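Below you'll find only one chain, the form predicted on its own, shown as structure tokens.
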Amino acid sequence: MRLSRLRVVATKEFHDHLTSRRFLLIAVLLLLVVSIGLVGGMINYRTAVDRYAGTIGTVGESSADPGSATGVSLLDVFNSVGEQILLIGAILGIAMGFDLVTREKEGGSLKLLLSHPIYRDEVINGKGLGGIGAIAGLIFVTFAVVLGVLLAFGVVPDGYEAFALVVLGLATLLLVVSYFSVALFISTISRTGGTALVAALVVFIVLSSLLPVFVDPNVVGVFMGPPPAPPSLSPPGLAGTQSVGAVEPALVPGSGNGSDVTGIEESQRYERELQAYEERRLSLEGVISLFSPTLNFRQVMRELNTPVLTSVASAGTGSGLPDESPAEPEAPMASVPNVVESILPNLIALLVIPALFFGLAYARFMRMDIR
């Protein structure tokens, strides 16, 4: 594989995507939906901040952060934008990749291309890199629009909000690339573009809708069975014989019959069994979540919003006395290492789908019969 030929293929694919009516239509739709949702969210944010400013204006100057005091944060706006990106981004990835190979195979251009001095790995790698480059460019433009709208409203993100915006952009890129790689693989195993589109939509429904259902604790319990039953506090044979307010022998230390020791042992055994059950349940949920870009993307958004929710709760615990020091506005920045640690597994999981399906697309394309 020569980098010069790979660069030529990737540049051609990148240009084809940017000039494709399908890509431009979805890009305009994405920017339009994000802009409308962002403007609506910013109007609500400014209204809440102005209401808070009018309230404290009659009391005196306050150094508390308006976002913390009102319970409203820019991250709420980011979350609403993220939910809109979630659906349109997945559609964008599928639309860009479902016919990358089938279109050229049906038109005969793939056979003509491979008749030139170019290797198959350069073709499939170039198609992948060109598509990822177009996606990255669109995501960059989208979040530049988000930042522009914020500045137009006179709102400058603080350190943590800027960090959250960058992480959300990275997660969005990985989300779209995940569905792009799925569609690219399906394009290599399908005979026609219509078949590839239907198959890609089926996989999208499975990854985005069905897998999240299996993460529900009630559904997971169907596969794992019921949790361990708690031990009975009453000794056998005494159920229903005690009067109201009587003390159970199992709870009376030194009763002489060993029931207190038995009760402690049963409680400890129940705690061990329950902990083991929860560990197995979390492990199963983790395996299922590993293959769902939608679940991991939402988990990233949830973890990014956690420090702000914590600071809002902490801000409401003060007594409101004049000599009480206000909450520090930069408190969420102290949680950046914790947030990075919590979202790192989800970001890594978002890399699993692209790596897996692009590897499958590479292996399939290298063995494909072009005749």
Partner chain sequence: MMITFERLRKEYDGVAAVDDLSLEIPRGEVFGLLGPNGAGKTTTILMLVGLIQPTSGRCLVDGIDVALEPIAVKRRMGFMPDDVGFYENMTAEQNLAYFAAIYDLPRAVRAERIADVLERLDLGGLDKKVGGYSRGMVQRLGIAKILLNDPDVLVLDEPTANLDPLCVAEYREIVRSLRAEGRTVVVSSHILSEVAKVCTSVAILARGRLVASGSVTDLPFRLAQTAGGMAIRVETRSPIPELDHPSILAAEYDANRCRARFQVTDDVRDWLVDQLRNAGVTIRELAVEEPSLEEVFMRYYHAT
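Positions refer to the first chain, counted from 1. What you see is a predicted model; the values in this text were computed from it and never measured.
Same protein, other form: the form predicted together with its partner chain, not shown, and the subject of what follows.
Asker: Among 75-83, 108-116, 153-161, 206-214, mark the stretch whose residues have heavy atoms within 4.5 Å of its partner chain in the predicted bound form.
Answerer: Going by heavy atoms within 4.5 Å, the stretch is 108-116.
Asker: 352, 9, 347, 360: which sits within 4.5 Å of its partner chain in the predicted bound form by any heavy atom?
Answerer: Filtering the options by heavy-atom distance leaves 9.
Asker: Answer yes or no: in the predicted bound form, does its partner chain come within 4.5 Å of a heavy atom in every one of 285, 302 and 341?
Answerer: Not a single residue of the candidate spot has a heavy atom within 4.5 Å of its partner chain in the predicted bound form.
Asker: Looking in the predicted bound form, any heavy atom of residue 364 within 4.5 Å of its partner chain?
Answerer: Judged by the heavy-atom cut-off of 4.5 Å, residue 364 is well away from its partner chain in the predicted bound form.
Asker: Indicate whether residue 120 is a 4.5 Å heavy atom neighbour of its partner chain in the predicted bound form.
Answerer: Result yes; residue 120 sits at the interface with its partner chain in the predicted bound form.
Asker: Is there a heavy atom of residue 266 lying 4.5 Å or less from a heavy atom of its partner chain in the predicted bound form?
Answerer: Residue 266: no, not in contact with its partner chain in the predicted bound form.
Asker: Is the gap between residue 3 and its partner chain in the predicted bound form 4.5 Å or less for some heavy atom pair?
Answerer: So residue 3 does not count as contacting its partner chain.
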